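Coming up is one lone chain in structure tokens, specifically the form predicted on its own.
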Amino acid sequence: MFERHDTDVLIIGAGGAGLFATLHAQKAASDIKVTIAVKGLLGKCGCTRMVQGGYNVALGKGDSVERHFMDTIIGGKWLPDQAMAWKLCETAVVRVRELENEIGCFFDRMPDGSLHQKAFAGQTFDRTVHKGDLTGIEIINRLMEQVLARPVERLEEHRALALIKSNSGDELAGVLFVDMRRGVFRFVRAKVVLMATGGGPTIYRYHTPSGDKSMDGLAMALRLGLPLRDMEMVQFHPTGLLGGENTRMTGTVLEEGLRGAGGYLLDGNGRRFMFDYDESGERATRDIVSRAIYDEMRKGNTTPNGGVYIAMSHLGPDDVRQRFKGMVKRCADCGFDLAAGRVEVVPTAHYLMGGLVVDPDTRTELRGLYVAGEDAGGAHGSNRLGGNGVANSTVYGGVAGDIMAGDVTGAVGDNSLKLLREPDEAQIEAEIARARLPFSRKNGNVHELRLRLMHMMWDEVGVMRTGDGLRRGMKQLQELKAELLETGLPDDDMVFNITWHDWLNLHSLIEVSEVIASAALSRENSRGAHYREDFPDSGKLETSYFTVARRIAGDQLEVSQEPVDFSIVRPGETLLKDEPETLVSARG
């Protein structure tokens, strides 16, 4: 029925978090067996590869870890886990040197040899290190080269289906996969497992990640009853390319550096509108800019395809072509001239701030399971600063690799996980049956169901929300799930059966969408990426809370609220003692 395979350290996902964890685990304990499993091909998938903007790190004169930390906390509207945010900002300084000196990344530099750092919205300092506007490709290519040069076992085109508990039920035994090339199930037993599958909110009409990013990791954790936090916090990047219905380029990010460099947002009539919404104009945080654009769209002040324009020509077309080569070419492919004309844009679902509840060492409540990257919640709170995403993945990927190697070798004492554990065989059989369900159903249209999900989530659980809309969305999600469970496939061949994987993708997306909608309904205020038109007030910062959702019985979801631990700084305070007024009072 299925194959069995053993390893010491199993890493699911090959984005920045997964690859960094692989390198750190192998380096920390060279005698252990490290296996990396990826849904696609190593180095060719994952969201890190798509990063254009850059990597936030406090290196410049006058900048500091404290300043980066305060920007992260304030940008996250005081909801981030402060210990995680501090480790992110502090370790980014070490990690960017590692990327350069050990991994081999080449970032853009100033004439004096120092790293060039550009402006990103929502930050009080220009701290975003980059490689033109193709930063993610540079990082992933160099990480891939390093992984390929080491004795790491690779399981490519292996789709993770389920996290499998041990017989005792209180530990993780391994992961059930399907080998997509051969069409066989494979259970990989491991002493420790890192989940770094990435988020990818492709549940919306406009989205930036590729369509095969389907939040499988979060769905697997949900089925085990593990807690997910901040799941209502879906970040919409304000400027997704809007090329019309007939191109898959629609939704692709035009990165934050365009607005940071001085780009203008114009409505359909050519009027610059952002100062109507925020004194920072186009440099306001992503949530504010996204809502402003969405509001202009609702007013009908739109471009031919229904969005708004971004304009860069006033900065000099030649300069724009030199600084933003990748985006100029991307826009040209869709018939737009970014350097000398105007490009249509729309808010596009970009990043999920929510994720599994983890500690700053990437451990979860289930012994043997670790989480890093977009699968982990806490570091960003209600709003991720542009440039903090790839920093988060590489920082916590490295942390996870070190911690897992220490746990496996016993270097961490009581937290050691030296032995392989026997799996719950009944759970394996149940998960195989769940995955094979569509083969026993009458052939239907999976694609049509996916489109319905995307339009419904955009309309009811999108940029701006209401209680009535969220309840309508939750009802439609239940109907979509019921229809999917009765929708079958045209054939039962499991070898590269793309329609089957579309079905599995949609199943994960609907399950996670239910959590997003439920958490959004429970939060009756507006913070960061979550905006309730029926509850526009942000609530008191001093009593800030985050949502925690988990499945408690069958399909029943429980959403609770837990107070934010202001372990480093409290609202009304700042770590920047030389400031004439605190950033809190200066920015509200």
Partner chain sequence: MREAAEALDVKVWRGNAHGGGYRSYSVPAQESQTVLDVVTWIQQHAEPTLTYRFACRVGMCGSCAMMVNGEPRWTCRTHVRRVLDGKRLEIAPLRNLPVIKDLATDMAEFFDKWTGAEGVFHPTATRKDAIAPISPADPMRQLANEAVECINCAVCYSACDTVTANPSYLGPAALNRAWTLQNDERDGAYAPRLRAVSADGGCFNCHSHQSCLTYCPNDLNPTASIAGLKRLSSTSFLRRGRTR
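Numbering follows the first chain given and starts at 1. Between two forms, the rigid core is defined as the largest C-alpha subset superposing within 1.5 Å. Note that the structure is predicted; figures quoted are calculated from it, not measured.
There is also a form predicted together with the partner chain; it is not shown, and the following applies to it.
The listed set A482, V94, V184, A430 contains one residue whose heavy atoms approach the partner chain in the predicted complex to within 4.5 Å, identified as V94. Checking T466, T487, Q146, Q476 against the partner chain in the predicted complex, a heavy atom within 4.5 Å turns up for just one residue: Q146. Among residues of the shown chain, R49 is one whose heavy atoms approach the partner chain to within 4.5 Å in the predicted complex.
Within this chain, S508 is remote from the site of the partner chain in the predicted complex, having no heavy atom within 4.5 Å. Although the partner is absent here, P201 sits far enough away that none of its heavy atoms falls within 4.5 Å of the partner chain in the predicted complex.
Proximity of L41 to the partner chain in the predicted complex: non-hydrogen atoms within 4.5 Å are present. Judged against the partner chain in the predicted complex with a 4.5 angstroms heavy atom cut-off, the residues E138, R330 and V495 are in contact without exception.
Judged by heavy atoms within 4.5 Å of the partner chain in the predicted complex, the contact stretch among the candidates 290-298, 94-102, 384-392, 78-86 is 94-102. Taking the partner chain as it sits in the predicted complex, the stretch 243-274 comes within 4.5 angstroms of it through a non-hydrogen atom at G243, N246, T247, R248, M249, T250, G251, T252.
Core-superposed comparison between the shown form and the other one: the C-alpha position of C334 differs by no less than 2 Å. With a cut-off of 2 Å and the rigid core superposed, E344 has a Cα displacement that reaches or exceeds the cut-off between the shown form and the other one. With a cut-off of 2 Å and the rigid core superposed, G306 has a Cα displacement that reaches or exceeds the cut-off between the shown form and the other one.
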